[in-house]
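Shown here is one chain on its own, the form predicted on its own, set out as structure tokens.
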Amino acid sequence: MTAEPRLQPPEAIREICRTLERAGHEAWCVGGAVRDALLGIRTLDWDIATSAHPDAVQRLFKRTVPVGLKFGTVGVLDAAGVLHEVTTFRHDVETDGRHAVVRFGASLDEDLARRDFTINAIAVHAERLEVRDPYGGRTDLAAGIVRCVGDARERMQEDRLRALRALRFAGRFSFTIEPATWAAIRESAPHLGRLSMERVKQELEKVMEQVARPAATLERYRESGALGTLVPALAAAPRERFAALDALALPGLPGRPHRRLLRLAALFAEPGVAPARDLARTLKALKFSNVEARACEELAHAVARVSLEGEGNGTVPLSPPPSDTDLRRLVAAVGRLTVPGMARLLWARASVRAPGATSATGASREARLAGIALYRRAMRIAWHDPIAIADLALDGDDLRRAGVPAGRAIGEALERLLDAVLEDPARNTRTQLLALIASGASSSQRAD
């Protein structure tokens, strides 16, 4: 094959390959780095495939890490301490859809034959830049196609995770999925429950992080049956919820939250609708941490307090724009730290319902400006207005000195004062709050 200058790997990778070849072994760069380089995507994560067995690799290099010896993978540390995976040519001799038993001693072409998709079954020589592409991966890259190597059904049966990887690659690169591969994905969907939830979580996280517009990918999850098997709680989610994932960025606003966590929360957040009671259980089943599950729950509950149009079930409507008093009560209910994420989720969801908006174009200019204005109002209230008991101009000790009995009565009095201050922040002075307490006590005495 002819040389491909754009496939030039970093010097550290070339030096590892030279060392292997000087010892009489073959060494080729393989996998995602080669694919990305052909697509013009800069990558630092180059993997090496070699005819050398793992023990030979460990003898050749001073600093190694046993990343996965039974699968032939040794981590080699370069002069800068960066780890690079070096894996022995191999072929599968047995697989159960989750784990494979491999045998060493294969050729490069046999090693490429066991890979999932043609676009990932391309190898390049680090020095000569010679390309090995026995399955037409470059042709599929040029055509924008995700296609299994060889028989699609067999590839899916060997490793069920390949179904999810195909969906992610199609979304990340805006590729189509070849018909036989798509049919094998659909056939594989009922068996995806055999995957470990850690692997499923990793795939979902990669979708949230790598796919610029993940709505189409999530719809493919649903159409294939993968979503119904893996996350039944999302199988019937409205299309707008997925579409909102594509509109989550708020241009021009500082402090964007971590996109992955925000997109995860968007999957479960529905304006005006309380999240499912088993949301925490769903997230924990997917192996998200307690911190992540709690953050998603808080955002979902916050979004549920708002309706996009018209008030109902005690929610705060966004259209027409809410009053400052309503916004203060909302911010007080959800907590000021939750406001940025809540606002972005609501803006994204509202934008896909704006006239003429689609997941591709996002909101109209008017809707975008209205969303930004509402966001700024909410943030000003969150950080400048008193919205919590701790923000009041007096505390429990002041109330006791004013004659309020210790215990439950103190808490109730503070709640009443906060309610008054949410109505009118100008009331938040010690003098006015004590006057409110005094008038409340007089009213109680008259009622008695």
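For every residue, the number given is its place in the sequence shown, counted from 1. Everything quoted here is computed from the prediction, not taken from an experiment.
Only in words, not in the display: the form predicted together with a small molecule, which the text now covers.
Visitor: Choose from 296-304, 236-244, 163-171, 281-289 the stretch whose residues reach within 4.5 Å of the small molecule in the model of the complex, heavy atoms counted.
Guide: Stretch 163-171 is the one.
Visitor: In the model of the complex, does each residue in the set Asp47, Asp116 and Lys206 place a non-hydrogen atom within 4.5 angstroms of the small molecule?
Guide: The answer is yes; Asp47, Asp116 and Lys206 each reach the small molecule.
Visitor: Just one of Glu219, Asp159, Asp324, Glu187 has a heavy atom within 4.5 Å of the small molecule in the model of the complex. Which one?
Guide: Result of the distance check: Asp159.
Visitor: Ok, Gly32, Pro66, Pro405, Gly396: which has a heavy atom sitting within 4.5 Å of the small molecule in the model of the complex?
Guide: Contact with the small molecule in the model of the complex is made by Gly32 alone.
Visitor: Would you check, heavy atoms only and a 4.5 Å threshold, whether Ser107 touches the small molecule in the model of the complex?
Guide: No, Ser107 sits far enough from the small molecule in the model of the complex that none of its heavy atoms falls within 4.5 Å.
Visitor: Taking the shortest heavy atom distance, is Gln210 within 4.5 Å of the small molecule in the model of the complex?
Guide: Gln210 belongs to the contact set for the small molecule.
Visitor: Does the small molecule get within 4.5 angstroms of any non-hydrogen atom of Thr229 in the model of the complex?
Guide: Because no heavy atom of Thr229 falls inside 4.5 Å of the small molecule in the model of the complex, the answer is no.
Visitor: Is it the case that Asn120, even though its partner is missing from this view, gets within 4.5 Å of the small molecule in the model of the complex, heavy atoms only?
Guide: Result yes; Asn120 sits at the interface with the small molecule in the model of the complex.
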